[in-house]
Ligand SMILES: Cc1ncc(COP(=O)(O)O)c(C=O)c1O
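Given next, in structure tokens, is a single chain: the form predicted on its own.
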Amino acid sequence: MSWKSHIVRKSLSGIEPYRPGKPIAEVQRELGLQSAIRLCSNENPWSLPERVVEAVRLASGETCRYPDPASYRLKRAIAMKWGRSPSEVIVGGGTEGILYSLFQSIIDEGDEVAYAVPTYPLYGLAAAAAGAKRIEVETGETESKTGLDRLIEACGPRTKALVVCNPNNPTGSILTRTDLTALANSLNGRETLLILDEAYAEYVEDPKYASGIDLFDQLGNIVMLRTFSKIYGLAALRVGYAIAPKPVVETYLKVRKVFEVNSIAQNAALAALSETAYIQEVREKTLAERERLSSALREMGIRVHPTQTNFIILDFQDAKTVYENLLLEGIIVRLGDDLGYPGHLRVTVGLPEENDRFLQSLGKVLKRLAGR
């Protein structure tokens, strides 16, 4: 066994693997349930537009061929959407795949990657995989420092990247335009990339929010990440993109997986980009259901955090017990412990009938636990 211990990278010895939300089939198999609903992964539950479905069907007829390694058509459509050059666009296997390759392309020995916590756990995993030192920043405010102050102070001379999830997963909060501008300006000239993961940007209502693209022209240190896995409804196809400075894109292309984004994903994403009416409809329905769900939960006496995403965060003193009892009811939500946010449950806004079933089941669980 000694040789095996020697082979494994020492820097990964204390790293826990990412724990994704449970699949429906797994819960049904483990608990012997006839049905279950999945409200744990912040997916778009509404049916896709026919044009996207047709793009998938047509592309599936060419599965014997390798996909376009450059994602030529999709890359140009994304560049046009944002008014950028295709040379400033990265297309990859979701934001996760892009981050792994991006860190591989920019991290040297001794470099750091900073990020606020709690946040999406894969930032730390991707940084560790690249050999970076991970700087986790607690951003709670104190009498002398704000969360913004803490982020700025955490970035030293070896900090190659600061990753900010905006809106943040799992808290649902945003970094405002004022704070984002101040943060970007503080890093400009420090040779630190500000990487903004905007996976949930399409759901934001707060007028104080600003996308990183608004700062991209002014500053040279911004990477904006977006995904087709959320509001576009293509989670199973694993495709995302980034807008980044040309030198970053050129270096990224040296290490990225050549055929990472398959033909079906490229064609579906290309079709989805033009479905603006569908995106607006999904946004409106999601926000309406989010408000209905939040109101019903508050009436049950549950604390619901403000959110700018397609999920809600609930406070529970014994969140794990509530989570496990919901599983017995066939309701799959996300345990905050898995996201570095203990004492909370994260619940995706689902279809109206799914949200109704969740509310009914939660009421039953809380009544049962109160009677113990």
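In case it trips you up, residue 1 is the first one in the sequence shown, and so on. It should be emphasised that the depicted structure is a prediction, and the values quoted were computed from it without experimental measurement.
This protein has a second form, the form predicted together with the ligand, left out of what is shown; the following refers to that one.
Participant: Just to be sure I understand the contacts: of Y100, Y120, Y203, Y278, which is the one whose heavy atoms reach within 4.5 angstroms of the ligand in the model of the complex?
Facilitator: Going through each option in turn, the one that passes is Y120.
Participant: So which of S263, T159, S294, N169 gets a non-hydrogen atom within 4.5 Å of the ligand in the model of the complex?
Facilitator: Of the listed residues, the single hit is N169.
Participant: Please name which of the stretches 269-277, 131-139, 104-112, 161-169 has residues with heavy atoms lying within 4.5 Å of the ligand in the model of the complex.
Facilitator: Of the stretches listed, the one contacting the partner is 161-169.
Participant: State yes or no: in the model of the complex, is some non-hydrogen atom of K230 no more than 4.5 angstroms from a non-hydrogen atom of the ligand?
Facilitator: Close contact exists here: in the model of the complex, K230 approaches the ligand to within 4.5 Å, heavy atoms only.
Participant: Wondering, does T95 line up within 4.5 Å of the ligand in the model of the complex on heavy atoms?
Facilitator: Yes, T95 is a contact residue.
Participant: Does any part of R238 reach within 4.5 Å of the ligand in the model of the complex? Heavy atoms only, please.
Facilitator: The answer is yes: R238 has a heavy atom within 4.5 Å of the ligand.
Participant: Although the partner isn't part of this model, could you tell me whether I222 comes within 4.5 Å of the ligand in the model of the complex, counting any heavy atom of the residue?
Facilitator: No, I222 is distant from the partner.
Participant: Going through 186-211 from first to last, which residues have a non-hydrogen atom within 4.5 Å of the ligand in the model of the complex?
Facilitator: Contacts from 186-211: D197, A199, Y200.
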